[in-house]
Ligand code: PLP
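Encoded as structure tokens, the following chain is the form predicted on its own, with no partner shown.
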Amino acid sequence: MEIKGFSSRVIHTEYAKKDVHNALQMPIYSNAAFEFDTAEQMEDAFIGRSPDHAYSRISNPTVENFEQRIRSITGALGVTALSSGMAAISNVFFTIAQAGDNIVTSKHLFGNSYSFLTSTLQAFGVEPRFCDLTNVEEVANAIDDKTIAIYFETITNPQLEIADVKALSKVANEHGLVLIADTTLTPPNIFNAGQNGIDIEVISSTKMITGGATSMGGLILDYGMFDWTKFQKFSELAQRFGPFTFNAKLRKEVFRNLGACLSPYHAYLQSLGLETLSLRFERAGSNCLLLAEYLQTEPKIKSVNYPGLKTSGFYEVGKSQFGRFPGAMLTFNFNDREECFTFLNKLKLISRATNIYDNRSLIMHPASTIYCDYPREKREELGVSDTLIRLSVGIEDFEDLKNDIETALR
């Protein structure tokens, strides 16, 4: 029987190796090492001739099962689970980039992603080239013979900008570049990266996948579509591994050497979270749209930004790529910073906290938190004003969320 439904595939993904007790939920293997019967078996595991686990920093049964579930629902060729979303991003770029390369991207990125590109990665000689990714001509003009990739967020955080993914894929293909996307705001139940031409996908599984912000985690998904013979530094590997080239370089070198492995306990929690992802996202997305429509009626709020609103400049592209609910996060503006803080301090139900896609609704002032290290002029350049409020909408009852906001505004 072919299982087609998203949630059905998550729940009924078979174990890579049979569990000794036939447990319906993969147990937590919290040990570090695994014993072998013979020296020959141990050698086979380390060389890669067998799928046996040797050391949990490299592979672990509980983590492997989580990766297998992600592979089942996405169709990815290779899946690697890591300790955080930032670990996923850094492992991708340390795998493909070297000094002298450049990456075409946008200034409209999550704060730590922007910092990684402009500070950490640039210190290793890799140049980030910023342009408007919604302008395909501008993207093409930013590319030269040292460009290796286009990197973007499917919905930017917190600017909520949406680029045309297939248009970016076409540009990447024409120039022989890897298309890399952070799809955290558009989880796999509403967006299939591989079917939209994305080569490498990164996800902060800390968010919607965990089932309520229970744990930290990140994912790298390789769809096996990129021809790695186009990169001279990968030519030898590509001859040996073909479509598995990226995964071989990542798993056999970078992932091992950087050591950002996912905890088995966190893999267990995130496997549980996957099972209810579609249900939770549907509720959160519905709440988000209703709140965005309500906030537009409030005179104290200057503007509301959510791609699911018909007034949004990204409504059509958001609907075509992600369906009715393009994410479950919105932003809105007050007149000044003081009004923002006054409003935040009056909320009773909605939590003043960072993170997104918890079961709880979370609210924050990005300029004074995530982007606090940047001067005001730089924050404005990045699309983060002092008047901006970010609201990640949870699965509470809509009327309670509305009443909390309404009371705080009054």
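When you see a residue number, it is the position in the sequence shown, counting from 1. All values derive from a computational prediction rather than experimental measurement.
Absent from the display: the form predicted in complex with this ligand. The rest refers to it.
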| property | result |
| --- | --- |
| This ligand in the model of the complex reached by all of V92, L177 and D227, non-hydrogen atom within 4.5 Å | no |
| Residue among I162, L262, L185, I150 with a heavy atom within 4.5 Å of this ligand in the model of the complex | L185 |
| In the model of the complex, the residue from S84, S72, S286, S312 that sits within 4.5 Å of this ligand by heavy atoms | S84 |
| Proximity of A193 to this ligand in the model of the complex, heavy atoms at 4.5 Å | no |
| Residue contact check: T80 to this ligand in the model of the complex, 4.5 Å heavy atom | no |
| Contact label in the model of the complex: K207 to this ligand, heavy atom within 4.5 Å | yes |
| Distance check, P307 to this ligand in the model of the complex, heavy atom within 4.5 Å | no |
| Among 139 to 147, 318 to 326, 198 to 206, 239 to 247, the region lying within 4.5 Å of this ligand in the model of the complex by heavy atom distance | 198 to 206 |
| Sequence-ordered list of residues in 335 to 374 near this ligand in the model of the complex, where near means a heavy atom within 4.5 Å | I356 |
